[in-house]
Ligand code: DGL
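The data below hold one chain only, encoded as C-alpha cells and taken in the form predicted on its own.
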Amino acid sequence: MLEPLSTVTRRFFSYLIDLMPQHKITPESPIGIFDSGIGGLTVVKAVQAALPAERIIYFGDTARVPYGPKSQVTIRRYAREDTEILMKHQPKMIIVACNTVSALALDVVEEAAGNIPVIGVLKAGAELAARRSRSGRIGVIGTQATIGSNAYACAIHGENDELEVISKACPLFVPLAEEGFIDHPATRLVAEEYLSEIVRRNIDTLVLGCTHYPILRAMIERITGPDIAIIDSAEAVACKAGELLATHGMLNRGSHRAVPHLLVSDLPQKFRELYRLFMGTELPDVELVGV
C-alpha cells in the first residue's frame, strides 16, 4: 500500500508548482463561457453584440444536459470539470452561462479559475431586474435546482429587500429548447401552463432564470403580454463583462469580429444544426471534447 505524502514532500511539490509558468492574461486572451448545452449560446450572442472583437471559447456540456434536475453534489462536480476544460485555453475571464451552476456552484468555478475573474449570470440578472421593476413584483422562472435554491430571490432582495419575488420552476423548457421546438404547439401549451399562474400574480418584470429560456423568448412574450418586462440574464452579464474588462484595461481593442471556438461533450452535428437555427450565422468548427 502506498504511504500518504509526508508534510515535507507536499511542501516540495507545492514549491515546484509555484515555479511553473503562470497563466498569462492579455487583452487578446479569450473569454471562456460554459453551460449545460446550447442555452449558453444566448450569452455568446449577447457578448458578441456588446464586445464584437472579443475571442470566445464556449463549452456546451451536451453529454450531461440538463443540469437542473441533478443533485447539488453532481452539479458542483460538473462545474469544476467544465471550468477545467476552459482553463486549458487560458481565458482572461470565465462567464458561467448556467443559472443552476451560478446558484449552486459559483464558488467551485472561482476556485478552479484561480486568479481570473468569474461572472455568473444569476447575479447580473438579479441586479437588472431590481433596477427595472416599477411595481416591486418580480417573477423568476428557472430550472428546479435554481428555483429550489432560492438564489434569485436572495440576490434580488440583496439589491432591495422590499421587492416581492414570485418564482416558478419550468423544467420542460430546457429539453424543448434543446430540441429546437422554438415555435411548436407543444411548447406553447407547456408555456401557458407554466406561466399562467405567475402572470396572475401581477408581476411587472419576469426574469428568464435559465440561459435556455431566451431561445423561447418570443413564445414567452406572446403569453406574458407587452406590460411585463422580460429580463434576459445573457444581456445583463454581457454588459457586466464589458464593464469589468474596461475597468481592468483588458478589453480587446481589435477591429476584427472574432469567430467563437465551440466545444461540446456530445452530439456535435446536432449542436451545429441548433447553432445555425438560433444564431442565424454560418457555423464555426465544433470540437468534441471528453468529460
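In this text, residue numbers run from 1 along the sequence as written. Keep in mind that this is a model prediction, so the values were computed, not measured.
Beyond what is shown, the protein has a form predicted in complex with the ligand; the following relates to that form.
With the partner omitted from this view, the residue of 236, 263, 65, 56 that lies near the ligand in the predicted complex is 65 [heavy atom within 4.5 Å]. Of the candidate stretches 244-252, 219-227, 32-40, 46-54, only 32-40 contains residues with a heavy atom within 4.5 Å of the ligand in the predicted complex. Shown alone here, residue 174 lies within 4.5 Å of the ligand in the predicted complex, counting heavy atoms only. Shown without its partner, the chain has 211, 212 in segment 211-235 as residues with a non-hydrogen atom within 4.5 angstroms of the ligand in the predicted complex.
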